[in-house]
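Heads up, the chain below is alone and in the form predicted alone; it's given as structure tokens.
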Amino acid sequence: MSRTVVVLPGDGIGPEVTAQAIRVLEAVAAKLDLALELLEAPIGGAAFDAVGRPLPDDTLALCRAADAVFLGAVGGPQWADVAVELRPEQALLDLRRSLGLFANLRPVKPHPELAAASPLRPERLVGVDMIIIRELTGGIYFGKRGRSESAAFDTCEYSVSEVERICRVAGRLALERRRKVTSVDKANVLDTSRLWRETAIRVFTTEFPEIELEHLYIDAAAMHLLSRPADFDVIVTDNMFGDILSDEASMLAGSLGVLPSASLGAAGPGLYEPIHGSAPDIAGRDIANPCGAILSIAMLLRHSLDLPDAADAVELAVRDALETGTRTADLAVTGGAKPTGTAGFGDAVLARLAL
């Protein structure tokens, strides 16, 4: 049976890191004799320039019919003055909402070889292995908004059912890990957070009694993420808090360029992308780090194509490349050798891919 993956290269460094990720996916398909159809489509600023919309109907239709979707990155300063509803980033919000992708998974497990790239002391990174689960289709990013010349507002709103389903995702994942969940909110100030905390307590008490549930306010969580990162197993939180915490957690790994993500729903295709942005300042220079994009392919193999052994092989190939000193410019602080380029990192991973 043929599988379909829609590829959305996007803007800035998106096409460059996407190219290396797809090389790895194609290599896996060839080694496993997997019937795989890759369909490329425009999104973000590239789509706006081409057809006047950041998420064309044709692109969305392809994504809905696919087994999985891979995204490079969207955005750039050249679209800063475009109306909000037509900005490249709006395409990503609309795509998540249209595909029902309510759970964003961001694993954070620093490679020991990259400890010097992190601003934290190496001993703080020992044993760090967490996954941040961010609710993706509710909260302030999707609430009512408005602006006048003298004021503006953005509304944060959550329903009980939205909190229940993201807590269940966290609970199921925690059962496969160390059985601890940290729920992050601001329940001392916000009504949405009070609803979040009350719902989380009920879900975990009744449905996951074997899991240890910890509650932290967002400000405390941001502090403890740096002071005691090894204590975290699964973190579950709302859309904005998750956006902030997951980017902060990238510093544990040494660079935004090394972390992958998966956005999943109850049914339909998952969306896979590195957590970094489009980085237009380095686009076209063959210096972008494709590590996060390649590791996102591993998540695609695991969650959408049900190929866990292939996912493990991709992750091992990345680790082996890093262990033998392969570094892009953002990680060059960890060694004295001349950094490799984007394509060179892809070459190194492919050379170590064993299936």
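These numbers come from a predicted model, not from an experiment. Take the two forms, superpose them, and find the largest set of C-alpha atoms that agree within 1.5 Å; that set is the rigid core. When you see a residue number, it is the position in the sequence shown, counting from 1.
In what follows, reference is made to the form predicted in complex with ligand NAD, a form of this protein that is not presented.
- Relative to ligand NAD in the predicted complex, residues L93, D243 and P260 are all farther than 4.5 Å at every heavy atom.
- In summary, the region of this chain contacting ligand NAD in the predicted complex, judged by heavy atoms within 4.5 Å and restricted to 162 to 170, 184 to 192, 220 to 228, 273 to 281, corresponds to 273 to 281.
- With the partner omitted here, the residue from E212, E89, D129, E198 that has a non-hydrogen atom within 4.5 angstroms of ligand NAD in the predicted complex is E89.
- Note on the partner interface in the predicted complex: the residue among A117, L256, L264, C156 having a heavy atom within 4.5 angstroms of ligand NAD is L256.
- In the predicted complex, at least one heavy atom of N289 sits within 4.5 Å of a heavy atom of ligand NAD.
- Although the partner is absent here, D330 sits close enough that one of its heavy atoms falls within 4.5 Å of ligand NAD in the predicted complex.
- Contact annotation: V236 falls outside 4.5 Å of ligand NAD in the predicted complex, judged by heavy atom distances.
- When contacts are judged by a 4.5 Å heavy atom cut-off, A21 does not count as touching ligand NAD in the predicted complex.
- Taking ligand NAD as it sits in the predicted complex, the stretch 72 to 94 comes within 4.5 angstroms of it through a non-hydrogen atom at A73, V74, G75, G76, E89, L92.
- If you fit the rigid core between the shown form and the other one, you'll see the Cα of A267 move by less than 2 angstroms.
- Annotation: Cα of A80 displaced by at least 2 Å between the shown form and the other one, core superposition.
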